[in-house]
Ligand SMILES: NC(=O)c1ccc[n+]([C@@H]2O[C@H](COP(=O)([O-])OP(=O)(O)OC[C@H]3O[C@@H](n4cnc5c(N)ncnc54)[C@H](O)[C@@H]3O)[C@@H](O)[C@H]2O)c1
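As C-alpha coordinates, one chain now follows by itself in the form predicted on its own.
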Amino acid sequence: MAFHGKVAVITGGGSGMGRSAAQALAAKGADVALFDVNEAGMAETAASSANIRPYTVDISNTEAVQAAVAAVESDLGPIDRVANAAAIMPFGKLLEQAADVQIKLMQINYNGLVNVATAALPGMVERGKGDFISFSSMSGVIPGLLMGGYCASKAAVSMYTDILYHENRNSGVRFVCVCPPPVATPLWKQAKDTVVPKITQVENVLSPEEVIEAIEASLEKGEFLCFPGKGTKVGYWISRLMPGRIWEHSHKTEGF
(Lines give C-alpha, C1' and ligand atoms only; values in the text may rest on other atoms or scores of the structure.)
Protein backbone atom coordinates (compact mmCIF):
# COMPACT_ATOMS: atom_id res chain seq x y z
CA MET A 1 0.00 0.00 0.00
CA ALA A 2 1.21 3.49 -0.88
CA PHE A 3 0.02 5.07 2.39
CA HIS A 4 2.90 6.03 4.65
CA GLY A 5 1.00 8.14 7.17
CA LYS A 6 -1.01 7.48 10.30
CA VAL A 7 -4.35 9.34 10.10
CA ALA A 8 -6.87 9.21 7.26
CA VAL A 9 -10.23 10.87 6.68
CA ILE A 10 -12.65 9.06 4.40
CA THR A 11 -15.99 10.53 3.38
CA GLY A 12 -18.86 8.20 2.62
CA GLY A 13 -17.44 5.68 5.05
CA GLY A 14 -20.81 4.14 5.85
CA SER A 15 -20.84 1.92 2.78
CA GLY A 16 -19.32 1.10 -0.61
CA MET A 17 -15.97 2.49 -1.65
CA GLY A 18 -15.61 4.50 1.55
CA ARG A 19 -16.09 1.40 3.70
CA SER A 20 -13.64 -0.68 1.66
CA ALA A 21 -11.01 2.07 1.70
CA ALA A 22 -11.39 2.54 5.45
CA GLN A 23 -11.07 -1.15 6.19
CA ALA A 24 -8.02 -1.49 3.95
CA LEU A 25 -6.22 1.36 5.72
CA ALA A 26 -7.23 0.23 9.21
CA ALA A 27 -5.92 -3.26 8.46
CA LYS A 28 -2.52 -1.66 7.82
CA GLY A 29 -2.61 0.10 11.19
CA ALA A 30 -3.87 3.55 10.21
CA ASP A 31 -6.32 5.52 12.34
CA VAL A 32 -9.32 6.19 10.12
CA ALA A 33 -12.00 8.85 10.61
CA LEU A 34 -15.27 8.30 8.74
CA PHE A 35 -17.43 11.22 7.62
CA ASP A 36 -21.02 10.30 6.74
CA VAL A 37 -24.64 10.93 7.69
CA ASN A 38 -25.26 7.17 7.63
CA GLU A 39 -24.73 6.41 11.31
CA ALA A 40 -25.80 2.77 11.09
CA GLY A 41 -23.52 2.18 8.12
CA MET A 42 -20.57 3.81 9.85
CA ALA A 43 -21.19 1.65 12.91
CA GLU A 44 -20.94 -1.44 10.71
CA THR A 45 -17.71 -0.17 9.15
CA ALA A 46 -16.23 0.74 12.53
CA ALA A 47 -17.16 -2.68 13.99
CA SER A 48 -14.49 -4.25 11.79
CA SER A 49 -11.59 -2.42 13.46
CA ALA A 50 -10.78 -0.51 16.61
CA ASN A 51 -8.81 1.88 14.38
CA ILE A 52 -11.95 3.22 12.70
CA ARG A 53 -13.85 6.10 14.29
CA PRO A 54 -17.15 7.49 12.94
CA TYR A 55 -18.01 11.19 12.78
CA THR A 56 -21.56 12.10 11.79
CA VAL A 57 -21.06 14.84 9.23
CA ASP A 58 -23.12 16.27 6.39
CA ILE A 59 -20.30 17.04 3.95
CA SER A 60 -22.46 19.58 2.11
CA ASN A 61 -22.40 21.72 5.29
CA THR A 62 -19.25 23.87 5.31
CA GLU A 63 -19.23 24.63 9.03
CA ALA A 64 -19.91 21.02 9.96
CA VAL A 65 -16.99 19.80 7.87
CA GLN A 66 -14.63 22.38 9.32
CA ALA A 67 -15.65 21.37 12.84
CA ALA A 68 -15.25 17.67 12.04
CA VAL A 69 -11.76 18.14 10.59
CA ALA A 70 -10.74 20.08 13.70
CA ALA A 71 -12.16 17.28 15.88
CA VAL A 72 -10.23 14.61 13.98
CA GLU A 73 -6.96 16.49 14.34
CA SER A 74 -7.65 16.93 18.06
CA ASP A 75 -8.64 13.30 18.57
CA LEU A 76 -6.20 11.50 16.26
CA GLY A 77 -3.53 13.95 15.14
CA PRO A 78 -2.57 15.60 11.84
CA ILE A 79 -4.38 14.23 8.78
CA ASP A 80 -2.15 12.33 6.34
CA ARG A 81 -4.74 11.19 3.78
CA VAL A 82 -8.13 12.37 2.58
CA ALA A 83 -10.30 10.17 0.37
CA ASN A 84 -13.45 11.84 -0.93
CA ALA A 85 -15.68 8.84 -1.59
CA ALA A 86 -19.08 10.25 -0.56
CA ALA A 87 -21.55 10.59 -3.43
CA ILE A 88 -25.09 10.05 -4.62
CA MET A 89 -25.94 8.63 -8.04
CA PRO A 90 -29.54 9.01 -9.21
CA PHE A 91 -29.84 8.88 -13.00
CA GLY A 92 -32.50 10.41 -15.21
CA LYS A 93 -33.23 12.50 -18.28
CA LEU A 94 -32.45 16.10 -17.40
CA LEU A 95 -35.90 17.50 -18.15
CA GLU A 96 -37.55 14.62 -16.31
CA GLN A 97 -35.32 14.52 -13.25
CA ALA A 98 -36.46 16.90 -10.51
CA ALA A 99 -34.44 20.10 -10.16
CA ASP A 100 -33.88 19.51 -6.45
CA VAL A 101 -32.35 16.10 -7.21
CA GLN A 102 -29.93 17.63 -9.71
CA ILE A 103 -29.02 20.36 -7.23
CA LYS A 104 -28.49 17.80 -4.47
CA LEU A 105 -26.11 15.91 -6.76
CA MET A 106 -23.92 19.01 -6.92
CA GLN A 107 -24.27 19.75 -3.20
CA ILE A 108 -22.98 16.33 -2.16
CA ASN A 109 -20.73 15.23 -5.01
CA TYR A 110 -19.06 18.59 -5.69
CA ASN A 111 -19.76 20.95 -2.79
CA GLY A 112 -18.80 18.18 -0.38
CA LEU A 113 -15.42 17.87 -2.06
CA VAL A 114 -14.86 21.63 -1.84
CA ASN A 115 -15.75 21.66 1.86
CA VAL A 116 -13.41 18.79 2.69
CA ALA A 117 -10.57 20.15 0.56
CA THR A 118 -10.66 23.65 2.02
CA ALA A 119 -10.87 22.29 5.58
CA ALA A 120 -8.26 19.51 5.46
CA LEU A 121 -5.84 20.24 2.65
CA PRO A 122 -4.22 23.49 3.91
CA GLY A 123 -2.73 21.64 6.88
CA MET A 124 -1.40 18.88 4.64
CA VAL A 125 0.18 21.43 2.29
CA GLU A 126 1.70 23.29 5.25
CA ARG A 127 3.24 20.04 6.52
CA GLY A 128 4.45 19.19 3.03
CA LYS A 129 3.08 15.66 2.88
CA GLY A 130 -0.05 13.59 2.52
CA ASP A 131 -2.42 12.05 -0.02
CA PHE A 132 -5.52 13.71 -1.45
CA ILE A 133 -7.84 11.40 -3.39
CA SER A 134 -10.93 12.51 -5.28
CA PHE A 135 -13.46 10.03 -6.57
CA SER A 136 -14.67 11.21 -9.95
CA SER A 137 -16.00 8.69 -12.48
CA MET A 138 -15.79 7.73 -16.13
CA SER A 139 -19.07 9.65 -16.21
CA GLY A 140 -17.05 12.68 -15.13
CA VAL A 141 -14.85 12.54 -18.23
CA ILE A 142 -17.27 10.99 -20.76
CA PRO A 143 -20.78 12.51 -21.02
CA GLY A 144 -23.77 10.23 -21.37
CA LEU A 145 -27.48 10.39 -22.03
CA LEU A 146 -29.86 9.83 -19.10
CA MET A 147 -27.25 10.68 -16.47
CA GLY A 148 -26.60 14.38 -17.04
CA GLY A 149 -26.91 15.52 -13.43
CA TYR A 150 -24.48 12.90 -12.21
CA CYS A 151 -22.09 13.50 -15.12
CA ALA A 152 -22.09 17.24 -14.42
CA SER A 153 -21.31 16.74 -10.73
CA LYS A 154 -18.45 14.35 -11.45
CA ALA A 155 -17.08 16.57 -14.24
CA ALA A 156 -16.94 19.34 -11.63
CA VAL A 157 -15.02 16.98 -9.32
CA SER A 158 -12.51 16.22 -12.08
CA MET A 159 -11.94 19.86 -13.03
CA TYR A 160 -11.70 21.07 -9.44
CA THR A 161 -9.22 18.37 -8.48
CA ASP A 162 -7.13 18.96 -11.61
CA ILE A 163 -6.71 22.65 -10.78
CA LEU A 164 -6.18 21.88 -7.09
CA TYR A 165 -3.36 19.52 -8.06
CA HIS A 166 -1.66 22.01 -10.35
CA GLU A 167 -1.90 24.81 -7.80
CA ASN A 168 -0.20 22.57 -5.21
CA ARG A 169 1.90 20.20 -7.31
CA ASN A 170 5.16 21.16 -5.59
CA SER A 171 3.73 21.01 -2.08
CA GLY A 172 4.74 17.43 -1.26
CA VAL A 173 1.08 16.31 -1.22
CA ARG A 174 0.22 13.53 -3.68
CA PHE A 175 -3.01 13.96 -5.64
CA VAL A 176 -5.08 11.33 -7.44
CA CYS A 177 -8.35 11.76 -9.28
CA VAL A 178 -9.82 8.30 -9.81
CA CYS A 179 -12.31 7.72 -12.65
CA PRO A 180 -13.78 4.23 -12.31
CA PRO A 181 -16.44 2.58 -14.47
CA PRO A 182 -19.40 0.96 -12.63
CA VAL A 183 -18.33 -0.55 -9.29
CA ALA A 184 -20.27 -3.13 -7.27
CA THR A 185 -21.40 -0.88 -4.41
CA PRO A 186 -24.71 0.41 -3.00
CA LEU A 187 -24.07 3.58 -5.03
CA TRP A 188 -24.39 1.62 -8.26
CA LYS A 189 -27.60 0.03 -6.94
CA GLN A 190 -28.91 3.55 -6.30
CA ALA A 191 -28.37 4.37 -9.97
CA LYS A 192 -30.02 1.15 -11.11
CA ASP A 193 -33.09 1.96 -9.00
CA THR A 194 -33.72 5.11 -11.09
CA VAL A 195 -32.82 4.73 -14.78
CA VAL A 196 -30.24 2.36 -16.24
CA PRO A 197 -28.66 3.76 -19.42
CA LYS A 198 -27.88 0.91 -21.77
CA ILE A 199 -24.35 2.20 -22.21
CA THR A 200 -23.65 1.49 -18.53
CA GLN A 201 -24.85 -2.13 -18.69
CA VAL A 202 -21.52 -3.91 -18.58
CA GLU A 203 -20.87 -7.54 -17.73
CA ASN A 204 -17.80 -7.06 -15.57
CA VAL A 205 -18.53 -4.54 -12.84
CA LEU A 206 -15.40 -3.76 -10.81
CA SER A 207 -15.05 -4.59 -7.12
CA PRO A 208 -14.15 -1.84 -4.64
CA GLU A 209 -10.88 -3.67 -3.95
CA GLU A 210 -9.85 -3.40 -7.61
CA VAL A 211 -10.41 0.36 -7.50
CA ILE A 212 -8.40 0.69 -4.27
CA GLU A 213 -5.51 -1.27 -5.79
CA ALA A 214 -5.53 1.02 -8.83
CA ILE A 215 -5.47 4.12 -6.62
CA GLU A 216 -2.50 2.85 -4.62
CA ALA A 217 -0.65 2.02 -7.85
CA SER A 218 -1.29 5.52 -9.20
CA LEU A 219 0.02 7.08 -5.99
CA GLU A 220 3.20 5.01 -6.19
CA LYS A 221 3.72 5.97 -9.85
CA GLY A 222 2.92 9.64 -9.32
CA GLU A 223 -0.03 9.46 -11.73
CA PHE A 224 -2.70 12.09 -11.20
CA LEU A 225 -5.46 10.43 -13.23
CA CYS A 226 -6.35 6.88 -12.27
CA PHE A 227 -8.41 4.70 -14.62
CA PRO A 228 -9.29 1.35 -13.00
CA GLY A 229 -10.57 -1.41 -15.21
CA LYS A 230 -9.99 -2.59 -18.74
CA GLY A 231 -10.44 -0.03 -21.51
CA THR A 232 -11.14 2.99 -19.31
CA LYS A 233 -8.01 4.90 -20.31
CA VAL A 234 -8.77 4.25 -23.97
CA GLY A 235 -12.30 5.55 -23.47
CA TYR A 236 -10.93 8.70 -21.87
CA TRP A 237 -8.68 9.44 -24.83
CA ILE A 238 -11.42 8.77 -27.37
CA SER A 239 -13.63 11.26 -25.53
CA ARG A 240 -10.84 13.85 -25.64
CA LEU A 241 -9.81 13.35 -29.25
CA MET A 242 -13.07 12.27 -30.91
CA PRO A 243 -16.01 13.53 -28.82
CA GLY A 244 -18.37 13.15 -31.77
CA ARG A 245 -17.76 9.41 -31.78
CA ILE A 246 -18.76 9.24 -28.12
CA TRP A 247 -22.06 10.99 -28.79
CA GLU A 248 -22.74 8.92 -31.88
CA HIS A 249 -22.24 5.74 -29.88
CA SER A 250 -24.38 7.03 -27.01
CA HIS A 251 -27.33 7.96 -29.25
CA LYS A 252 -27.12 4.64 -31.10
CA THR A 253 -26.99 2.67 -27.86
CA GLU A 254 -29.85 4.47 -26.11
CA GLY A 255 -31.98 4.64 -29.26
CA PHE A 256 -32.80 8.33 -29.38
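In case it trips you up, residue 1 is the first one in the sequence shown, and so on. Here the structure is a predicted model, which means the values were calculated and not measured.
We do not show the form predicted together with the ligand, though everything after this point is about it.
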Review point. Is every one of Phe35, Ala87 and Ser136 in contact with the ligand in the predicted bound form, taking contact as a heavy atom within 4.5 Å?
Key: yes
Check your understanding: Is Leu25 one of the residues lying within 4.5 Å of the ligand in the predicted bound form, judged by heavy atom distances?
Key -> no
Review point. Heavy atom to heavy atom, is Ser15 within 4.5 Å of the ligand in the predicted bound form?
Key: yes
Exercise for review: Answer for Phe132 alone: is it within 4.5 Å of the ligand in the predicted bound form, judged on heavy atom distances?
Suggested key: no
Check your understanding: Closest heavy atom of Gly92 to the ligand in the predicted bound form, within 4.5 Å or not?
Key -> no
Revision key, fill the gap. Testing 176-184, 141-149, 95-103, 73-81 against the ligand in the predicted bound form with a 4.5 Å heavy atom criterion leaves exactly one stretch, namely 176-184
Exercise for review: Note which of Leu121, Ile108, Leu164, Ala156 lies within 4.5 Å of the ligand in the predicted bound form, where distance is taken over heavy atoms; exactly one does.
Suggested key: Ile108
Point to revise | Interface residue in the predicted bound form among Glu44, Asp58, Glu216, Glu209, criterion: non-hydrogen atom within 4.5 angstroms of the ligand | key: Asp58
